[in-house]
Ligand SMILES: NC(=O)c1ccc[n+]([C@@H]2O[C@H](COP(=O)([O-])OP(=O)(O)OC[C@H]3O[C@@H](n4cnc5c(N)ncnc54)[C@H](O)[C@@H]3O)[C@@H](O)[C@H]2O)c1
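Next comes just one chain, in structure tokens: the form predicted on its own.
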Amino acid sequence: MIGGGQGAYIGNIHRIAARLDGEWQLVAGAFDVNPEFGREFARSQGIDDDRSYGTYDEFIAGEVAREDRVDAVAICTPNFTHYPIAKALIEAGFDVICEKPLTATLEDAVQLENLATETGRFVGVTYTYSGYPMVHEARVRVARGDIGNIRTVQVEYPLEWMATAIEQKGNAQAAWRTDPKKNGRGGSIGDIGTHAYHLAGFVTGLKLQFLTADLATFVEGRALDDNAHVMMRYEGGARGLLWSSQVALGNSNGVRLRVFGETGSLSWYQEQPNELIYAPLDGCVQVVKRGAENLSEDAKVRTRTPPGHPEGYLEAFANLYAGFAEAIVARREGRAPEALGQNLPLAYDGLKGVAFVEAVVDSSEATEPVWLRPIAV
């Protein structure tokens, strides 16, 4: 692991998720920009001193020389560091699991995706919400035509944690997220809007054709947007509306997706992740429960407990890690991955996310309303 040391929220989530199914062990890392803090943290995780490194360059040099070198590297650092770290790791022959966004700039995302393709290295991107069993169930039901041709898609990700200028009061997580040099051009749209965009595309299979956006910064003195509205036109004629906000009081991680077709609709809410609402035309609204016998194989292989025992965010994250493990092992064994190692967020999905953010910011900055097409969809 690179980054993700003491006090890093997302690093701890990665560690829990990686360990949950017994597929991964954390054996090496460079955990902090302060090498001594990083080494102290490594000891707390039971990592041998000779595999605790001060920088990612030291990590690469040390691990390349070992016969028992790591199988993959998780990048859990701020956005602006993703590209140089991932590039160096891929060029050194390592598979990579990267926090989203893949990179802070579109140019870097294009180069990194090309590098992954050219080298054949595995690059997984942790779009967490695509790990939920009922999200996979929704994807299967859309693909087999349960709701007919899609007409509209509504997706949102509202938060309240940055409703005041906490970045000016010592909150390190908010500080780098509101710094364009460290976060990239998009604020809420880059931090959480990209999750919503990926979720909508993952479930529906639709490709974005054009978008027009309105970004707002409501907290005085903030350099990046903290609220975004995006209207979307998909190939084939479907329409979409995306809302992301870091200033939506009363909302924690209120990810919600609703897909409306000609013959039915599907709705999923992240704070009630074990249920999928299916409303067929001229039929009764159905609450589809995780763990039911009649669910798809894609949902079943991502389920651990019987119905009534809730599974949530950590389990969804762990499904990504288990899937990444299966995909990497299958590639090494020269076989197709089993269901758990399919339909994973990979480097091209990361590129699509960065391209989406870039197009949103460009559209919003235009002097007149404009519809733009991202370079990757």
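Start at 1 and count along the sequence shown; that's the residue number. The model shown is predicted, which means the values in this text are computed figures rather than measured ones.
One more form of this protein exists, namely the form predicted in complex with the named molecule; it is left out here, but the text below deals with it.
- Exactly one listed residue, out of P78, P273, P158, G291, brings a non-hydrogen atom to within 4.5 Å of the named molecule in the predicted bound form: P78.
- For the residues I10, V361, A355, L20, the 4.5 Å heavy atom test against the named molecule in the predicted bound form is passed only by I10.
- Among heavy atoms of Q173, some come within 4.5 Å of the named molecule in the predicted bound form.
- Not displayed here, the named molecule is kept clear of A42 by more than 4.5 Å at the level of heavy atoms in the predicted bound form.
- With a 4.5 Å cutoff on heavy atoms, G131 does not count as touching the named molecule in the predicted bound form; it lies far away.
- When the named molecule is considered in the predicted bound form, D225 lies well away from it, no heavy atom lying within 4.5 Å.
- You can rule out all but one of 78 to 86, 260 to 268, 212 to 220, 115 to 123: in the predicted bound form, only 78 to 86 has residues with a heavy atom within 4.5 Å of the named molecule.
- Judged against the named molecule in the predicted bound form with a 4.5 angstroms heavy atom cut-off, the residues I2, P101 and H195 are in contact without exception.
- In sequence order, A30, F31, D32, V33 are the residues of 18 to 43 having a heavy atom within 4.5 Å of the named molecule in the predicted bound form; the partner itself is omitted from this view.
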